[in-house]
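Okay, so we've got a single protein chain in two different forms coming up as structure tokens, structure 1 first and structure 2 after it.
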Structure 1
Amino acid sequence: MPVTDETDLRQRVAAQRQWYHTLDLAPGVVTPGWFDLRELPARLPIPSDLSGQRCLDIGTFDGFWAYELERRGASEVVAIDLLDRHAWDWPVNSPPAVVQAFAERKGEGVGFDIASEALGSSVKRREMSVYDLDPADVGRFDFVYFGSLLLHLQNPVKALEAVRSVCRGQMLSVDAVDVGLTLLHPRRPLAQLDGLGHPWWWKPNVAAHIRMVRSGGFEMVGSPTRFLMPAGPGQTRERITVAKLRSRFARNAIFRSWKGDPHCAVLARPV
């Protein structure tokens, strides 16, 4: 059953250093997430009725998508994430201070715990890497949500191969895309490589996102869905200045904070 002590819940939400997801935990109790995804489920190709299905949420963080799959009637939802910062895909040149800063932002999974208790959720969270998904360990799933993680992986295709090994139904791959590369090369798979100092590796155009999914052993179901991932109340709007407008990086940051982060959703099934 959901938590009913609203005062205690408000205090626990306020005490959490940072929330990644904006979550409605109780009437009038909303987490100040970095992103506010609450309008997205209706726009993405997720089955409205998941009754009797086993579902997997990869890179769950505060659990928004895991709870959404549960809300749609899934018989079981498993959510995986990595809390151990040393197990992330860090470039070798990453400064220890940056590693520590990202670890503090991620926290110890307290946000997920608070939300799970408040919502009376039965989602099962496991700490494990997407690379380690094995049907002998976790079984197989009818629906897999794989969101906003490919850009953080050194080897996204290897990760998708692991996902394929545990997917017996459909997978929804949702990730950030490069708008410029998409507009300039709508059919040619291209991606920007970062990999310097922080766990951001690849930002593909839409064609490359699709190619990654296909290379991982999936085939498309329908057409990709492009959308802007809205900033949440926990994300400060970038101040617009002439100096920032001269920088491509700063312009992109301004756009993301005011309009949203360009993403693409690809629904697929194992070949």
Structure 2
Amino acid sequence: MPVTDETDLRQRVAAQRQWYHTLDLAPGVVTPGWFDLRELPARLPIPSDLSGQRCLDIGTFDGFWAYELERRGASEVVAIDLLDRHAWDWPVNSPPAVVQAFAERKGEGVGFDIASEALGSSVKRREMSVYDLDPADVGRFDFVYFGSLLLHLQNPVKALEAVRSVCRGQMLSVDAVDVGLTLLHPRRPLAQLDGLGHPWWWKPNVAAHIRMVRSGGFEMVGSPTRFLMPAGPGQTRERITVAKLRSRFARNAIFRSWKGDPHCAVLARPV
């Protein structure tokens, strides 16, 4: 049953220092997320009716996608994540302040718990790395949502292979892409390797995102969907200065915070 004490819910939402997802928890109670994905489910190729299906959400954070799958009628939703920041696969030289900020936003998974209670959800969260997905442990799933995590993984293809081992239906891989590389090389799979000073490894172009999915043992279903992932109320707009406009990295950060983070969604099924 959803939480009915709205005052208590408001206080708990406010007490949470940061939210990753913008979630509608009750009439007038909205979490101030770093991202506001609320318009996306209607634009992405997710089956509108998941009745009777087992679904998996990977790297669930505050649970936006897991709750969306549940809303679409899934009979069971499992959501995995790693609360332990030391278990993340981030580059060792990621700035401690960025790791700390991300960890604080996640807390002890309190955001997910507050949302779960408020929504009266039955989503089961498990502390598990995507690399460790094993059908003998978690079973197989009819629909898998795998969002905004490939870029943070040292070995995205290995992760996709693990996802394939538990996917008996379709997987939607949604991840950040490099716009410049996509425009310059629409067909050639290329990725920008970072791994130094930023908490991510790879920014593929759209062709490389598709290639990663295919290398992991999937085939495409339909065409990729490109979109900008909108910033939420928890994110302050980057100030635009002449100095920043001279740096490619700073220009990208400005674009992301004002217009959204360029992403691509690839619907696929195991070969």
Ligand SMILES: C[S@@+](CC[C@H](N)C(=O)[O-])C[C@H]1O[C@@H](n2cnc3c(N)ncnc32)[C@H](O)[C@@H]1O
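Note that the structure is a prediction, hence the values are computed from the model and not measured. We call the rigid core the largest set of C-alpha positions that still match within 1.5 Å between the two forms. All residue numbers here refer to structure 1's sequence, counted from 1.
Notebook entry, point to check: With each form of the chain shown alone, which structure should be assigned as the form predicted together with the ligand?
Noted result: Between the two, the form predicted together with the ligand is shown as structure 2, not structure 1.
Notebook entry, point to check: When you overlay the rigid core, is the Cα of Trp200 off by 2 Å or more between structures 1 and 2?
Noted result: Stays below the 2 Å threshold, so no.
Notebook entry, point to check: Taking the rigid core as reference, does the Cα of Lys158 move 2 Å or more between structures 1 and 2?
Noted result: No; that C-alpha moves by less than 2 Å between structures 1 and 2.
Margin query: After core superposition, I'd like to know whether Gln100 moves between structures 1 and 2 (criterion: C-alpha shift of 2 angstroms or more).
Written below: Moves: yes, 2 Å or greater.
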